[in-house]
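In the form predicted on its own, a lone chain appears below as structure tokens.
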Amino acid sequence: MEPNIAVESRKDLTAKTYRKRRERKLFWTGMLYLSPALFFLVVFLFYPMFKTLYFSFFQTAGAGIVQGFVGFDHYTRLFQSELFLGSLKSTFLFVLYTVPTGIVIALALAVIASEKLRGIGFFRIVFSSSLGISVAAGATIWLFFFHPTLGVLNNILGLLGIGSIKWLTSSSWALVSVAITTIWMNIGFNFIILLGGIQNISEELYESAKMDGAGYWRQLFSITLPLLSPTLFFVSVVTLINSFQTFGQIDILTGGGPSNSTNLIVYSIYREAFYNGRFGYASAQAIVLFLIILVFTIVQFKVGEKRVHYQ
């Protein structure tokens, strides 16, 4: 019996060795295929992130040359700065204005566009058209809309007997104006994603609901919205992150003003780094913004994903 046991042990050892070699070969083959993507991630994502974290602990010269270690001094100054706290407040208000409103409008348009009506294709193109317009072009269009005397919006208000609004020059309205522009810019992307999600819901479910006597609104709230929840979850995560990172329309419409009312954190980072040459201080702001987005995203996954229904 002993020689047979020894032979079986050698076979098991050979099989394990072969399996390990095969797994190792598969691992390195996979890494070889992933290496181009990993290279770009390291160069354009991870290296800038670590460099930003590094800068946030140092005093830098105008060209980004490190002058001396300051520890958490930049972070301490940030939360003692009224300007930064104002930027923080404006950023949260901006996210509050743009994310829920943008998703609700895009969802309503997607529900309308999913109806099988004659000529609905034209409206689908119109609803998604903002996706094909660049931030610069879109902001310029709204710059004309918001013009105090020639703008369309004030002319409409004038026809209704309402006084004109200083859309971009009033500290009370500037953030709202930038939010309106941002909602309009994001509608195209959100609309297409949500329309795709609605069209992916099986028609058999609606036919069964009709046979059971369910009306339009019952189908909408019992079938469409629950089965669209994975898509809605994706759209909410992406829209929230994009909202925190808004920059182009602020630069074109208000330049952070008036009275810093639209000086969102991203724009504040830009001004500190490239206007004032304080790369260390700007890097600390970037790290704070990164942590805020990270916390919001984690909360969304912890809380929101529990309400998502997968088919």
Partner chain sequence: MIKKIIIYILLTLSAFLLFAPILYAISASMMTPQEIFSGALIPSSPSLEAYSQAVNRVPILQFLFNSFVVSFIVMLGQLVVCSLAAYAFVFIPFKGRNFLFFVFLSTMLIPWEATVIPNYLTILNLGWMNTYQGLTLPFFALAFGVFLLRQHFLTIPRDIFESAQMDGCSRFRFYWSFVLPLSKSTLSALGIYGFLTTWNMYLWPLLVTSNNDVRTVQIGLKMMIAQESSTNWNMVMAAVVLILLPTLLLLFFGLKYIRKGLLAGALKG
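Rigid core (definition): largest C-alpha set, two forms, superposition within 1.5 Å. In this text, all values refer to a predicted model and were calculated from it rather than measured experimentally. Numbering follows the first chain given and starts at 1.
Note that the form predicted together with its partner chain isn't included here; everything after this is about it.
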Exercise. With its partner chain left out here, work out from 67-75, 114-122, 82-90, 171-179 which stretch has heavy atoms within 4.5 Å of it in the predicted complex.
Key: 114-122
Quiz item: With the partner left out here, if you bring back its partner chain in the predicted complex, are Thr101, Leu205 and Gly304 all within 4.5 Å of it by some heavy atom?
Solution: no
Quiz item: Can Ser283 be called a contact residue for its partner chain in the predicted complex at 4.5 Å between heavy atoms?
Solution: yes
Exercise. Using a 4.5 Å heavy atom cut-off, state whether Thr297 contacts its partner chain in the predicted complex.
Key: yes
Quiz item: Is Gly277 one of the residues lying within 4.5 Å of its partner chain in the predicted complex, judged by heavy atom distances?
Solution: no
Quiz item: Given that the partner is absent here, does Leu220 sit within 4.5 Å of its partner chain in the predicted complex, heavy atoms only?
Solution: no
Quiz prompt | its partner chain in the predicted complex - contacting residues of 27-58, heavy atom within 4.5 Å | solution = Phe27, Thr29, Gly30, Met31, Tyr33, Leu34, Pro36, Ala37, Leu38, Phe40, Leu41, Val43, Phe44, Leu45, Phe46, Tyr47, Pro48, Met49, Lys51, Thr52, Phe55
Quiz item: Taking the rigid core as reference, does Ser259 move its C-alpha 2 Å or further between the shown form and the other one?
Solution: no
Quiz prompt | Flag for Ser35, CA shift 2 Å or larger between the shown form and the other one after aligning core | solution = yes
